[in-house]
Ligand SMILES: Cc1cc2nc3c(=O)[nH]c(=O)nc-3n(C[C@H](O)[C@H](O)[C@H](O)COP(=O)(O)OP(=O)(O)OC[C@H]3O[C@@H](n4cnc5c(N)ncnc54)[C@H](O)[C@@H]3O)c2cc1C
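Presented as structure tokens, the chain that follows is alone, the form predicted on its own.
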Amino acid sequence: MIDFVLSKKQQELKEGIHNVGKFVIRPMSLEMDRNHEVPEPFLRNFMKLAGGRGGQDIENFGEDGSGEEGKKERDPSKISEANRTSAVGAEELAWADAAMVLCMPGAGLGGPPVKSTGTPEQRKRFLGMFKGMDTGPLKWGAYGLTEPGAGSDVSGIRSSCRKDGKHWVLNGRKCYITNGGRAIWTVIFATIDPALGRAGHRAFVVEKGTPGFEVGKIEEKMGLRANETAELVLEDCRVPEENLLGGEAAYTTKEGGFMTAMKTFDNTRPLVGAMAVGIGRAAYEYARDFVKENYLIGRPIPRYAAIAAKLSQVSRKLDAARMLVWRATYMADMGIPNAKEASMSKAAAGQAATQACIDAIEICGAHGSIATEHALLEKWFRDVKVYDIFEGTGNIQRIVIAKRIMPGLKAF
């Protein structure tokens, strides 16, 4: 049964990240946003604190980074907490600065598909690259699915792939790829034939420096400015056949490549929800404290009652979103299919966090909406919008939920 009380390890993690966030990250937040980067010395110091493991939990991949521990039969006497612990940490980091979470070195969104679909050799090779970042160079992985004409509709990707001897030749363009410009490898999705729809999808690990694989423009964004978002271009990019994720055996079913993408979302959507809750909580706490410090709330003024009601509603919705995140991560930890619950957590968290930022700005008035050196609310408002967009828009989440509530539904 899911436990809504954090374990001692999780509580210590939460408190530790919160303190670093409050006293180190938050004071740097506006400067990082203006400069469009997180200072590398800070990331390197964070790597040392994390033992060189970065934005992924190498412990779950086995000591050699191969992912073999994740493939072993589950010990029923031991309950995994990896996904929920990641959600707790992601919420606290996003509370401090949302871009910071996405900047963390590690396999990033590329890790889950390699772990779930990759062969033992691929897991050892590609995930093992991220060991030892406390002393060696910082490294990032990336996940290349979105295209100019295929974002929410994953089945509509047009990047092509064809077999040529012992290589695959890839052509296409990917956009809005987190850490795409600096990643040492990127999981790229392409199709052998667009007419086949999902059945034509293939996933490849394309390494930086592969001929024909280039970084296009680095996006100028409204929010999360300190994090890099890149365009990737593939022009007759020749990828060795051993970089086909999972090998040929992974695509014997009609939806092998498509399901690789979906499995990734089932793990990452709750984490995106956790980050959204972190931003929303930051805005809520800012507004709450502002009211306490600037209003004589002991006086019976109707406006104060309206503000209290609004803050109460925001707090309630954020707590509900967090519980949905924890349920989805619990199911992932237990190996229970969680596609519906993952979508529920992301849809609820994105909406709750966005409303929290809007309400906080309205409560604080000009103080909250003017971009001064103290106006973190303005930054959070810019940052939060994308949390109802990436990893599948809010509308897509509602479609996923509806189709699982009513199998066979043809309304969409």
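Don't overthink the numbering: it's just position in the shown sequence, from 1. Since the model is a prediction, treat every value here as computed from it, not as a measurement.
Absent from the display: the form predicted together with the named molecule. The rest refers to it.
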Per-stretch contact check against the named molecule in the predicted bound form, the hit in 314-322, 328-336, 86-94, 139-147 (non-hydrogen atom, 4.5 angstroms):
139-147
Of these, 32, 386, 347, 376, which has a heavy atom no more than 4.5 Å from the named molecule in the predicted bound form?
386
176, 286, 168, 185 - the one with a heavy atom within 4.5 Å of the named molecule in the predicted bound form:
176
4.5 Å heavy atom contact, residue 234 and the named molecule in the predicted bound form:
no
Are any of the heavy atoms in residue 151 no more than 4.5 Å from a heavy atom of the named molecule in the predicted bound form?
yes
Is residue 399 part of the interface with the named molecule in the predicted bound form - any heavy atom within 4.5 Å?
yes
For residue 221, is any heavy atom within 4.5 Å of the named molecule in the predicted bound form, or not?
yes
